[in-house]
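You are given structure tokens for the same protein chain in two forms, set apart as structure 1 and structure 2.
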Structure 1
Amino acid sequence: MNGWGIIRGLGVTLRHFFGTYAEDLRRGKSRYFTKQGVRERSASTVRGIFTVQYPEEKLIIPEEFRYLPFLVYDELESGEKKIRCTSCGICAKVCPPQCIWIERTTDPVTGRPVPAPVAFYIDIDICMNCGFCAEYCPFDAIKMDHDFEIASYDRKAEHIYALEKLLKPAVYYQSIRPENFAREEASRMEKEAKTSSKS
């Protein structure tokens, strides 16, 4: 009513302003452009400036962060890529905005379907990053990525991801989600141990 709200707000701004210089003198240059500096400025106890100077600095992405889906493949000892996807179509069925298209491989001799995709497309402009495709995939073949820097000038050329652009190795998945990968591998080994003990 009489301007105390504005004065209090300016007080908060001035406290952060002078706190920034105090923290810079105390911590030095390690406060900027280092992972530790970004982590400290992202904490709730930060004093002074807490903005991140993007794109030179980037926030540390938590493991559960999800952006666009990608397809996982295993690298065999021969160097061959073994795509986990069997083109079952579950991901396309559960996708709320229907942005996934799959074409299944067929045997040229018998004409019967082969459990591998010949084509796999995701329109990333339609994708809402919900993660249902990764959640429902029974083969751990589709996972959510951390790469969010996908801006481009040509939507038709760049924003419809085909099979080759979607494929990433299991090692990449392990690097962005180490805890999830460890849990999945432990579960997979447990299932294999059970099936081998039964037979």
Structure 2
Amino acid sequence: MNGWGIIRGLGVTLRHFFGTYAEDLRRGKSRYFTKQGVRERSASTVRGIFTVQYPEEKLIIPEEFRYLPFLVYDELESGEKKIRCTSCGICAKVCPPQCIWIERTTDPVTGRPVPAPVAFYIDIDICMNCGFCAEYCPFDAIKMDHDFEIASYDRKAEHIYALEKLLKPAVYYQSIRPENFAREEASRMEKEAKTSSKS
């Protein structure tokens, strides 16, 4: 009880303090505002300053990161948007807080259901970003987005996402989740090959 413990402890903070300068001097400017720099500063070997200067630089988002769901559409060669969703309703059923509303298309002539949604709503004020909808969708039609910069001033007007706002092209999906996309494409090709060989 002679204060030695405190001095030793302060030594730790002092080392931290000087460490920030030492690291900056050693590594120079490449430490900041470069992708490599951000990667270095989020690795387990990081020393010195730990701060990522959002918004000028952003953390590298891992592929599996999930924020809000979106609907994927394929762009056909004719330029037509082909929505992958068949309105099977699995996402709406599995959604834990029940934030998905789907209206199924019915054929005006026969009255039978058509596998496409008339309307698709997600109340992003209820969504808990759990990713169940994307996980259980059998058609790879609904996926989790990486975009988190969505703060708004008015929730009443803006926070129910309708079909138009939810749709994003498959190219976008590929760009944020390349590995998942490649895997899904491969398994789809396989399935198609199987069905064509059967017929």
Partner chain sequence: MLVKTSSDGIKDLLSRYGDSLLADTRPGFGGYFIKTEQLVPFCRSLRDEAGYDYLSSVTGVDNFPEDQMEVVYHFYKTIGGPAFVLKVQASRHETVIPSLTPLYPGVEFQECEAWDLLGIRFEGHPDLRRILMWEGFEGFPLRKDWREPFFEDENKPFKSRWPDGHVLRTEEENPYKNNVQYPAAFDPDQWIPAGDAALYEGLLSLTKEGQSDFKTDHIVVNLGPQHPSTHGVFRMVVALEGETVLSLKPVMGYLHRNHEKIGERNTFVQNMPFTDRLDYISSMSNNFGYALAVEKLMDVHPPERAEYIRVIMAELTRFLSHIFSIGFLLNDLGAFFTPALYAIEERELILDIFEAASGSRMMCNYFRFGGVVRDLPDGVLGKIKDLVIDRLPRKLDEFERYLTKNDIVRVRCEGVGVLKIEEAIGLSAAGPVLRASGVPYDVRKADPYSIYDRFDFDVAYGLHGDIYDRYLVRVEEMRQSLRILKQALRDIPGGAVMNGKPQYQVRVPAGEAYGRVEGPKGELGFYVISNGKPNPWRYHVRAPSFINLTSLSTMAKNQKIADVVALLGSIDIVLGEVDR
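One-based numbering along structure 1's sequence throughout. For the two forms, the rigid core is made up of the largest set of C-alpha atoms that agree within 1.5 Å on superposition. Note that the structure is a prediction, hence the values are computed from the model and not measured.
Participant: Which number belongs to the form predicted in complex with the partner chain, 1 or 2?
Facilitator: The form predicted in complex with the partner chain is shown as structure 2.
Participant: Once you line up the core, how about L76: does its CA shift reach 2 Å between structure 1 and structure 2?
Facilitator: Stays below the 2 Å threshold, so no.
Participant: Taking 2 Å as the cut-off, check whether the CA of T13 shifts that much or more between structure 1 and structure 2 after a rigid core fit.
Facilitator: Shift at T13: 2 Å or more after core fit.
Participant: Any chance you could measure the C-alpha shift of R112 between structure 1 and structure 2 with the core superposed, in Å?
Facilitator: Comparing between structure 1 and structure 2 after core fitting, R112 shifts 2.5 Å at its C-alpha.
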